[in-house]
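Here's a solo chain for you in structure tokens, the form predicted alone.
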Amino acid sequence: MNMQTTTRLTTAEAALVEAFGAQVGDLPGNGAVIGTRDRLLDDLKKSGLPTRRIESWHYTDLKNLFREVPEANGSAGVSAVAPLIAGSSVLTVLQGEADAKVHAEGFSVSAYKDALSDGSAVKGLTALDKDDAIGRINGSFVRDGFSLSVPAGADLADPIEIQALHAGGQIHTRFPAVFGAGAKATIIERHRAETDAAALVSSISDIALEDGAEVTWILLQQQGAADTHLGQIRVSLGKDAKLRLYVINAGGKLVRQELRIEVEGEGADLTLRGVNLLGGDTHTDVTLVLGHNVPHTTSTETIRNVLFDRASGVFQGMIKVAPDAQKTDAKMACNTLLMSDDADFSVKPELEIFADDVICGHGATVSDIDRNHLFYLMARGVPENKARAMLVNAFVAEIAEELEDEKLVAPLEELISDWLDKHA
């Protein structure tokens, strides 16, 4: 690295470069993987972290917002927690290291570091485009995670819960998952801080649904108040595949959660639901890029946001309909409650349509609690603070109720209620 390149780097960018130099000798991977890591880091070094000049990062100036890289903390003691749903198959990644001694019934699982070590993971270590900072950071530093495979025709009665828990430091994980034709499964992916120590977390989940697979994937992000969480979900849907994707953000200081979804098979259906619970001085960005690439596919996306204190949030939703994707039916909505005059939320819905026989639409609202609803409850003896809490809870709990499975709905409603009780 020459001196001219070094002076162009911000403090955080230079810290990433230094962290890679310090860790590269210990990162798992054969020659091909190490070479790919080097290229990804070099690309990141040349381009720098994205700024608001890049359209897809306009509301999240990562170069300015991301300022510190915590020291690696590989020896921190973290223990597994009780699963969200009793009876789940629990896969733990503690301080970035997967527990390879897991019992898998009805599916296969292996530590992702094994795929790095033998080189089979190299094809997945890619940046999706020139502005994919998350792909470059994760591909450079990823150490472990789990590779999941649910065989064709399998019907898993109990959820699989991935627990990615940490006590600060640098955590970089990956979760590729393949669901065979006609497979049915529920996956709960939990990212949670167990201490107040600052962390840099990057995580990518590569999800492939083959023909006729039906999957519910629930992402729960509960990082600490000082944490940076850079997440990405990459999805491919085959013919007649059905994915219900639920994303709940309830923590972190700087959060960017990207959803990169490609609908590749006719008859495929996507249901995306998101809940962003934002308080303190968090900045949380959910960015969706959804490609309808073939005819006769459907999708619905509903995002609910509640903001307190000085929180700021972003939802960017791009739906792309390819020229051959006739009969696409895609609808997107984003609804926001601002509970503080100091909070703000930016919404950017987009449609890019190249087919002429489609039904596509989007809508967005930003408001305070409906005064009529508040008056109704208060007129019946409910104190104002309790009435406001009830209305906010109902606003977001409605999303969880769409799961229509009480064993899933109840713990998610409790999680949402607990967060609101602490912040309302």
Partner chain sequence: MLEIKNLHARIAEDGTEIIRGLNLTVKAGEVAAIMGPNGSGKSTLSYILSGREDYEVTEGEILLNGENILELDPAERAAKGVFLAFQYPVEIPGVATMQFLKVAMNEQRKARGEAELTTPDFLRRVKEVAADLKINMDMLKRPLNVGFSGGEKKRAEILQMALLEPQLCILDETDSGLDIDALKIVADGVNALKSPDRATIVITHYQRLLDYIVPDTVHVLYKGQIIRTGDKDLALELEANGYADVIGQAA
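Numbering follows the first chain given and starts at 1. A quick note: this is a predicted structure, and the numbers were derived from the prediction, not measured.
Keep in mind that the form predicted together with the partner chain is not shown, yet the notes after this line are about it.
Though the partner is left out of this view, residue 369 does not reach within 4.5 Å of the partner chain in the model of the complex, counting heavy atoms only.
Under a 4.5 angstroms non-hydrogen atom cutoff, the partner chain in the model of the complex has residue 381 among its neighbouring residues.
Although the partner is absent here, residue 386 sits close enough that one of its heavy atoms falls within 4.5 Å of the partner chain in the model of the complex.
Contact check for residue 42: every heavy atom lies farther than 4.5 Å from the partner chain in the model of the complex.
The partner is absent here, but in the model of the complex a heavy atom of 373, alone among 67, 362, 373, 58, sits within 4.5 Å of the partner chain.
Look at 28-36, 352-360, 373-381, 42-50: in the model of the complex, residues with non-hydrogen atoms within 4.5 angstroms of the partner chain sit in 373-381. For the marked spot (390, 398 and 401), a heavy atom within 4.5 Å of the partner chain in the model of the complex is present in each of the three residues.
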